[in-house]
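A single chain comes next, written as structure tokens; it is the form predicted alone.
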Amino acid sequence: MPVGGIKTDEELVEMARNQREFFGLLIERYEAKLARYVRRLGVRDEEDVADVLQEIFIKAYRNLNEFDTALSFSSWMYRIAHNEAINSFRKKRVRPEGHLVSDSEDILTFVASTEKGSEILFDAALDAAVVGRAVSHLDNKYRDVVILRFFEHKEYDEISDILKIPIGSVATLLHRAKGRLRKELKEHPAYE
């Protein structure tokens, strides 16, 4: 590691522009996060995940000189990851299959919020698999914002950068996703 301790992403980008080995530090920093993200977007096969990651890092490295260090490197990398996952689906002509992990507590709180009387009591009966299925049934535009917000813990401005949509649209899509998820979860057999 260079003298001066831990570097920011943007500092590493500047260093990687001159010395390739610093790009390896960015790969180490982002590999697990981006692998988790592309899995959540629906890339299930581990070989496909590895292929998508390779494409992400190749594209990032090739375009490193075009990256504006005044912007968020994290958002830039997630945007590349999002596009490469979509490209992977197009190449295989498949529909993404959501693969979500047990971050379901936050999303259940989100869905239950504003429910009048909160008669829907989301409990252990709605486990991660049930939430995962409900999220995977959402249209892509809703699923993308839900995954970024509740599973990747991105702020609205980051989601806006990643998906290249206005911040107001992020809020609208999340609001609409909440209604669709609430409906989907209400139809779960545990609540009939």
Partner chain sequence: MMRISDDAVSPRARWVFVSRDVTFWTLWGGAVLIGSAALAASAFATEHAGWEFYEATHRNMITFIVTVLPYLWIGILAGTVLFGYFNLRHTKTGYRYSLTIVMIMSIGGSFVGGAILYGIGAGSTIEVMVGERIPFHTSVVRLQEELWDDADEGRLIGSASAPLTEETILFTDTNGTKWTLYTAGLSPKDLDALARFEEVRVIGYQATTSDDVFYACIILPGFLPHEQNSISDMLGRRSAFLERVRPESEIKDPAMRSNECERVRVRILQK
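Since this is a predicted model, take the numbers as computed values, not measurements. Residue numbers count along the first chain shown, from 1.
Another form, the form predicted together with its partner chain, is not on view; read the next lines as being about it.
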Q. Can any non-hydrogen atom of Arg17 be found within 4.5 angstroms of its partner chain in the predicted bound form?
A. yes
Q: Look up in the predicted bound form whether Glu55 has a non-hydrogen atom within 4.5 angstroms of its partner chain, and give yes or no.
A: yes
Q. Does the 4.5 Å heavy atom contact test between Lys92 and its partner chain in the predicted bound form come out positive?
A. no
Q. Glu46 near its partner chain in the predicted bound form, any heavy atom under 4.5 Å?
A. no
(Q) Within 4.5 Å, heavy atoms only, which of Val130, Leu138, Leu64, Ala35 is in contact with its partner chain in the predicted bound form? (A) Leu64
Q | Residues of 154-186 having any heavy atom within 4.5 Å of its partner chain in the predicted bound form, listed in sequence order | A | Ser160, Asp161, Lys164, Ile165, Pro166
